[in-house]
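Coming up is one lone chain in structure tokens, specifically the form predicted alone.
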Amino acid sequence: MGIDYIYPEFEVIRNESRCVTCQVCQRQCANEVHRYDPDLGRMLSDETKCVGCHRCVSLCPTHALKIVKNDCAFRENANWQTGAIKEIYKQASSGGVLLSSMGSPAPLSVYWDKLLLNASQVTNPSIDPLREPMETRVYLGKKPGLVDRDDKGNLTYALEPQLELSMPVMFSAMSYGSISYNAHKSLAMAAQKLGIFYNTGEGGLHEDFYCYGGNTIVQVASGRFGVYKDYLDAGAAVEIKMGQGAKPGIGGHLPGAKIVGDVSRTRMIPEGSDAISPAPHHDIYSIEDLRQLVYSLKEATEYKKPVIVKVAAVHNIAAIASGVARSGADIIAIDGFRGGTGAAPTRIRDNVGIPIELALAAVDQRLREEGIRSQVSLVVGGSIRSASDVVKAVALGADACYIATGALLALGCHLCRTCHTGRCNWGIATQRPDLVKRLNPEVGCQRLVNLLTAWNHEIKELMGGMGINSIEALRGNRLMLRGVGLTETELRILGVAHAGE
């Protein structure tokens, strides 16, 4: 029982000729990998504790450190690969369910990388975004189905509540507790500066962030943590979380070790108690039940805010989205299986759900065939990595995209995938005060603003190259996409032609 059969995943390489034993690595490592030995007069490393976060490498003043993947390998076996062997050793040692953080690292198809964008040439000239107007604003919410005019020819319409975005990107749901106070503040401040929105996740809204309410989407999950009248009134929109891409069919779980201080007060649960959102909403077993919650939230907010329903991308997602559109929801958010998470059962994360690209294409097509596409806006997430991914998503039918992992990377995340431990060395996925302070919200905000400002420029350049000057003209315009290396079935579901056709 006491034997550890797993060799350390990472190797700490220290250049002794450069190391000045300043002990920065020891002070900066929350995992206690490094320590100074006064008898030897040098730094030592316990590689069994290293998670590959690169905090020590980044801050070493003499560049004396390097973290590399350990090349000590099991014998080659096409069936029993290294990951599978190590997972069995872990479960044989602990008897527990394997937990993982962030998105799935499994080598499955990334369809964004197999889609290419069309470019204009002679008959349909390109547009120079530096000299000609380009419209990246997006309005999310129900749109009128018909154009009506009064007896004088003026347009008449009764527009449902809308979210106005300066560009088709928002920060996705990450709860206070799963990420730190400073990380939440960075997202809130950046959303306000950029003219977009950030999502509270299922952990309620800290009282300090009510001032950012005009750029906040408040979430209602099955656990109803932190949900009350003032919370609903604070946000610009309300999102009902039915599912999450990284763990479809599984509820939320924040370990009691993270339920401390303000997290406890914000979530309205005792300190140290696990925050568990059950997999189902126990008052929702049909579209009719969902409709009742949608309209309860609309009543509670006096019909002044759009209601979003977030679902995970699963095999029957088109039928699910069709039902959600008829529930009265104004916006449907779909989260693909590569989406990030603070903690998820490894087996669920890597084996359940479908890629967002296929889910989006199927949903957009289904809603168009049923003549109800204008009744809802579509927001998609689950590994949106760049401006080109955003443009391809819009061309497949999305109104806007959610990003979360990309935003955390901008804040300094190194994807070490140990968020569930609460020992984030970058001050993001932690509640330890000594670690939280490592993330400066002002700096974090500026980095997020820089990232999305750059993306917005690239979105305009990509649209200009296609001869398109607005997001509205790009939305669902699959003629601007071509596939490479895809099967006939994949091309049919995506609704695109192969390159060269």
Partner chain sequence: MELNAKNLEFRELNRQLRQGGSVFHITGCCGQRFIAAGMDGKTITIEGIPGNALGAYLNGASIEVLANAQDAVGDTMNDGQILIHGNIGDAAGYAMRGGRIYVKGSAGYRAGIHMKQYRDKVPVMIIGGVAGSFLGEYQAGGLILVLGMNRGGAPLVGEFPCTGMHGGKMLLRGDVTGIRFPRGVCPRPAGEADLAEILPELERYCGLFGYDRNQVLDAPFTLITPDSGNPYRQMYAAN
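Numbering follows the first chain given and starts at 1. Treat the numbers as computed from the prediction; the structure is a model and nothing was measured.
Heads up, the form predicted in complex with the partner chain isn't pictured, but that's what we're talking about next.
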Interface stretch in the model of the complex with the partner chain - options 312-320, 91-99, 210-218, 406-414, non-hydrogen atom within 4.5 Å | 91-99
Please state whether all three residues 268, 300 and 303 have a non-hydrogen atom within 4.5 angstroms of the partner chain in the model of the complex.
-> yes
Consider residue 264 of the chain shown here, and say whether it contacts the partner chain in the model of the complex, taking contact as heavy atoms within 4.5 Å.
-> yes
Does residue 248 reach the partner chain in the model of the complex, with heavy atoms at most 4.5 Å apart?
-> no
Could you confirm whether residue 327 comes within 4.5 Å of the partner chain in the model of the complex, counting heavy atoms only?
-> no
Is residue 276 close enough to the partner chain in the model of the complex to count, meaning some heavy atom within 4.5 Å?
-> yes
Heavy atom within 4.5 Å of the partner chain in the model of the complex, from candidates 385, 137, 224, 193, belongs to 224
Just one of 366, 114, 206, 420 has a heavy atom within 4.5 Å of the partner chain in the model of the complex. Which one?
-> 420
What residues in 338-376 sit within 4.5 Å of the partner chain in the model of the complex, counting heavy atoms only?
-> 346
